[in-house]
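Heads up, what comes next is one protein chain in two forms, each shown on its own as structure tokens, labelled structure 1 and structure 2.
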Structure 1
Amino acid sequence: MEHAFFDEYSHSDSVIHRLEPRVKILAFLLCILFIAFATGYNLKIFVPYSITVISLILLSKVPVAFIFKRVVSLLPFILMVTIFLPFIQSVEGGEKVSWGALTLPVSYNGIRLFVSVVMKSCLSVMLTTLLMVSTDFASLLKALEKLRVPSLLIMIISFMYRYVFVLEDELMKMRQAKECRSVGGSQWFHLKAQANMLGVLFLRAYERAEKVYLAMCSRGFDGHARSIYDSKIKTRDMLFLVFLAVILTLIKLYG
């Protein structure tokens, strides 16, 4: 079965790839914090932030289409959360929109806040995706451990990444078997079969989790994955972090 790995571009050679993982995490986290705390009604500030994020993507040599595809896949969930923002703000300086018998107040501040939240979410997803695809997953987890992230959270992320492909394999096999056995049929029939597949997949995931847990206990696993981490922070890493912090500060002052 073919899978799309999260870190499939992690072995490329670029300025972003050569950064030490801990510095890269701190730099991207700093960028996300600056974007998240940007003024909600000032939309002009997102222009330099967008230029900064796109510049980082171009420096990484990761295909821009790959990053945008991930953003588009999450955009419906972002819109579901933010779609009501234009209607819950004060109506002063706005208008009323009628849709049949329903009349809703729409404010300009609400529209600006809606665009602001969508921009913040999209830019944050782009930065998070770039961090994931430009860093080897094992190095990323070890860097998080060095940054004193709780070991339980790191272990959950590790198992999620390791076994999500196993579950995807199971789902693809079940789907292939269904396609071979259900030619034609009504829409209700296919919907019911897919619901049953999800139930079976949940049971198989539970059984596999029990087997993995027993296997790890029998091997003396104590909750810590031991590995060698020989990556060291260099001067160029610190210079990149300082340079990015200066750029973000200038954008904040401009805003």
Structure 2
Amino acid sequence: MEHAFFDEYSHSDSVIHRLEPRVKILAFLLCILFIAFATGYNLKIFVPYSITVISLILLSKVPVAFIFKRVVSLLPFILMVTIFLPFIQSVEGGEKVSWGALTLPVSYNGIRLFVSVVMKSCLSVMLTTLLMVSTDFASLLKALEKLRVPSLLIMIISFMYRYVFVLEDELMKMRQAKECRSVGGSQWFHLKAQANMLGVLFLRAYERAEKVYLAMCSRGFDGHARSIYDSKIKTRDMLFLVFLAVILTLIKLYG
């Protein structure tokens, strides 16, 4: 069975890849906070923000097309909510647009809000994608744990990441088998067959979890996973963080 590999570019080498994971998470979070909470109807501010995001992508040597593909695939969801914005904002400074028999009031503020929300979402998606593809998932989780995310949650998520591919494999096999055997049939039949598939998957997953737990117990598991975290924050990392923070503040003040 084939799976999409999310951290496909996580083992290449660049300035962004070499950043300490904790610093990298903080730096990207800072960027996202600045962009996602940019206020008002001032659209010019998105030009320097976009330049910052694009330069981060170029620095990381991850193909720009790869990141843009992610953005495009998420765009329908973003547009679904925002597409009405130009038409429902306050009437001041508005015009009427006719489209065949349909006449809609369009406001400039509404259009500005629409562009701003779409820009914010797209830039944030680009940043999250870049964070994900330039860090492998295991070190991302370890860094999050070091940043005081509850270790219980981190352990559960690492288990989940371990078994998600196993379970998806099982599900894909079951679906393939079902499709081989059932041609035609009513929609209700297919719905029922797929629901039973999920039922079977649940039972298998539950039994697997019990077996995993027994195996862990017999190896002396006492509720804690111990691992070595040996990456240290260097001056270079701190310089990057400070530099980024200064740039973002300057953009916010003068943008």
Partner chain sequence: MHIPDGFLSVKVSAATWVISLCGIALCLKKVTARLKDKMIPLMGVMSAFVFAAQMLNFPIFAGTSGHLLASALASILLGPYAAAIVMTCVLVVQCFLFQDGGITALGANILNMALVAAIGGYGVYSIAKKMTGIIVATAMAAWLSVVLASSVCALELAASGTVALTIVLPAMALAHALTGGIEAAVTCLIINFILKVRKDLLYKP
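By convention here, residues take numbers in order along the sequence of structure 1, the first being 1. Under this definition, the rigid core comprises the largest set of C-alpha atoms superposing within 1.5 Å between the forms. Because the structure is a prediction, the values reported are computed rather than measured.
- Matching the description of the form predicted in complex with the partner chain is structure 2; structure 1 comes from elsewhere.
- Core-superposed comparison between the two structures: the CA of residue 158 exceeds or equals a 2 Å shift.
- Once both forms are fitted on their core, the CA shift for residue 79 between the two structures remains under 2 Å.
- With a cut-off of 2 Å and the rigid core superposed, residue 172 has a Cα displacement that reaches or exceeds the cut-off between the two structures.
- The two forms, fitted on their core, place the C-alpha of residue 214 7.5 Å apart, compared between the two structures.
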